Every structure is written in structure tokens, then in C-alpha cells.
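Quick setup: one chain, the form predicted alone, written in C-alpha cells, and binding and motion questions come after.
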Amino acid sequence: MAKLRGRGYASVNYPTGMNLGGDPSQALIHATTTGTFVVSLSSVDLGQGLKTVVAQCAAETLGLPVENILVDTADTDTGPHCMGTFASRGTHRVGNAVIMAAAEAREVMLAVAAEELEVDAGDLETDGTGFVQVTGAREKRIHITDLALAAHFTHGRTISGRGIFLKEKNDPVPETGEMDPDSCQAHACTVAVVEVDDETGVVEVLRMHNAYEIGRALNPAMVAQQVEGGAWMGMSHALFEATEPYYPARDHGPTDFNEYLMPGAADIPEYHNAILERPAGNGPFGAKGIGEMTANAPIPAIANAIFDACGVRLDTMPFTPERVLRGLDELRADRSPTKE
């Protein structure tokens, strides 16, 4: 009896967004009297960090600190339209819409600043710290708080903008089947190193090496969290989680999360991640979607690693000790001299 080590590879390419009947998302943005820019969305942050990335896109476009951005994901009754948070579309669709809205608001912001400073709007720039200033003459400037107050109470101007990004519906060409169902595609590869106990059938994932090409990482720390969280989910699907069927009866199934198997802290392997940036021409600052795909490649990578370790090819999840042991028994039976 031994613990057998194996290595498995798997790669994936994943579309950003969906075709549907068109795939639009809208964004609205306006400045308060104190210079906070409120981004209004119906897009939902499920914990993947959408609000942070949206704030970054708005701040970068406006030329202001991210602390000046407030993201309001209200609801679908009062917010602008969004198709939903799915298909790894949030950063791409919503980010583009926010950039459009922020660019429109920036024009108004500079126009009001030009009146306050008595210069041409084309001579102005933002310094990234909250000031609008004359290019090459830093001493002639105005802070966004004073600017917003002047817009409201002196000029009667609303510093605001609207944006909508639409991936138009695309139908297949009847003769060839050719079509454009998504906006861009991200790519990834996972290498999993596992150890298989051929006496108990237990599989332990020792290491995962993940390489992701995602256009541009707008927030590298959050990308790493997405990759590692997705790898955990993939490993959980591969080795632990099951819904139906339960054997030998449904009564054996879990009734709550105390009984539902998932990896614990001691099961988490070493992660080694590499992020490759190949900016997408239609993405917000070049970004593509990195969401659901992070859970995909680990599953076949683990399956291939099990095969490399002990020769058992599993194609039904989860890869339980029972299935590993049954596979080993079949291999021994196939090699048995009596079978000949």
C-alpha cells in the first residue's frame, strides 16, 4: 500500500457576457454638493468585488481619488437597467457603462471649473488628488468640493453623466454557423498535484498552479482572491460536493451545511498564481471577465492528476474514495492472470 503522487493539467477559455437578445447595462453618475460622485447601478455585487472595480473605473475616468466615489447598487425598481450579474459580465459591461457616464460627467466638471477659474476648459486637467488645475500652472486650481458647491449654488449646474454599454444581439450566419456570441474570451490553465492513498482511496490536493489571461487586472489583489476562491470551489466540486443522487436513498443526503461536505482549512492546497495581461480592445481599460471560469479548470486538472497518480480515470463527480477504490479494483482485475 502506498501514497501515489500525480500531476494533471487542464485549460479553459471562457466567454465574457452572453448573446441573449442584446446584452446591455446602464450606469448613472452625479456629484453631490460636497464633491462625492454617486454611481447608480442595478448591477449586484455578489461578493466578487464589482463595487470596488466600478469605483476604480469611475475614479480613473474622472481623474479623482477613489475615495470620492460612492457606488449605489439600489434595486431594479429605481436603478438604471442591467441584465444581471452572471456570465462573468459585470466588470466588462458595467465597467464600460460607468466609464461612459464618468466621461460625460467629467466634461461638465471641467466646464464648471473653467468658469470658476476663467480659463478655457481645454486647458484644464485633473491631478488625481481632488484638484482641477490649469495645465502647466498648478497654482491656478480648484478643489472638487469647492467646484461642486459652485456648480450647485452659483452656476445651477448638475455635474452628471449617463452611460450604457450594449453587446448587440448576433445571429449565426445560416451557411456557415459563424457568429459573435460574446465580447471577448479569457483563458486559463491549472496544474494540480495530488496524492492518492491506494488503501483508503482518499485524494489530497497538494498544490495548484494557476495561470490566467484576463485582459487587464484592474485590481490585482482581488484577481488573486477570485482565482484562489474559484480554485477552492473547483476542488470542492471535484472531491466533496454532491447533490443527487444519494446512495442508497435520499435519506442519506445532507440536511444542512453541517452535514454538507466542503473542503475545510486543512484541505486547502498551496496556490501559485500567474496573471497574464493581454488587454481586450472592447474591455474597460482592457479588462475581460474573470468569474465563473476560476472554478472550471481545477476539476479536470484534479481528475487528470488522479489518473496520472494511480491510473484510475474518473468522469463522475465527486471523485470520492469509494470511486477511486472501485477504479483500482477494476485495474487489478484487468491485470489479473486469471482473467486471461
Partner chain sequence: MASQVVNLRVNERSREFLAAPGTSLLSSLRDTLGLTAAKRGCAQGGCGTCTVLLDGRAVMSCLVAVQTVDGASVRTLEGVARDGALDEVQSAFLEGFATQCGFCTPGMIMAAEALLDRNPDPTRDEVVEAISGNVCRCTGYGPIVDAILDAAARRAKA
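The shown structure was predicted, so the numbers you read here are calculated from the model rather than taken from an experiment. Residue numbers count along the first chain shown, from 1.
The protein also exists as the form predicted in complex with its partner chain; that form is not presented, and the subsequent description refers to it.
**Prompt:** Hey, in the predicted complex, does Ser236 get a heavy atom within 4.5 angstroms of its partner chain?
**Reply:** So Ser236 counts as contacting its partner chain.
**Message:** Given that its partner chain is not shown alongside this chain, does Glu270 nevertheless sit within 4.5 Å of it in the predicted complex, heavy atom to heavy atom?
**Reply:** It does not: once its partner chain is placed as it appears in the predicted complex, Glu270 has no heavy atom within 4.5 Å of it.
**Prompt:** Looking in the predicted complex, any heavy atom of Thr255 within 4.5 Å of its partner chain?
**Reply:** Because a heavy atom of Thr255 falls inside 4.5 Å of its partner chain in the predicted complex, the answer is yes.
**Request:** Would you please decide whether Ala114 lies within 4.5 angstroms of its partner chain in the predicted complex, comparing each non-hydrogen atom pair?
**Result:** Output for Ala114 is no: heavy atoms all beyond 4.5 Å of its partner chain.
**Prompt:** Residues in which of 198-206, 142-150, 114-122, 258-266 have heavy atoms within 4.5 Å of its partner chain in the predicted complex?
**Reply:** Flagged stretch: 258-266.
**Asked** Of Met222, Leu110, Met100, Val134, which residue is found within 4.5 angstroms of its partner chain in the predicted complex when only non-hydrogen atoms are counted?
**Response** Partner contact (heavy atom, 4.5 Å) among the options: Met222.
**Asked** What are the residues of 43-59, in order along the chain, with a heavy atom within 4.5 Å of its partner chain in the predicted complex?
**Response** Sequence-ordered list: Leu46, Gly47.
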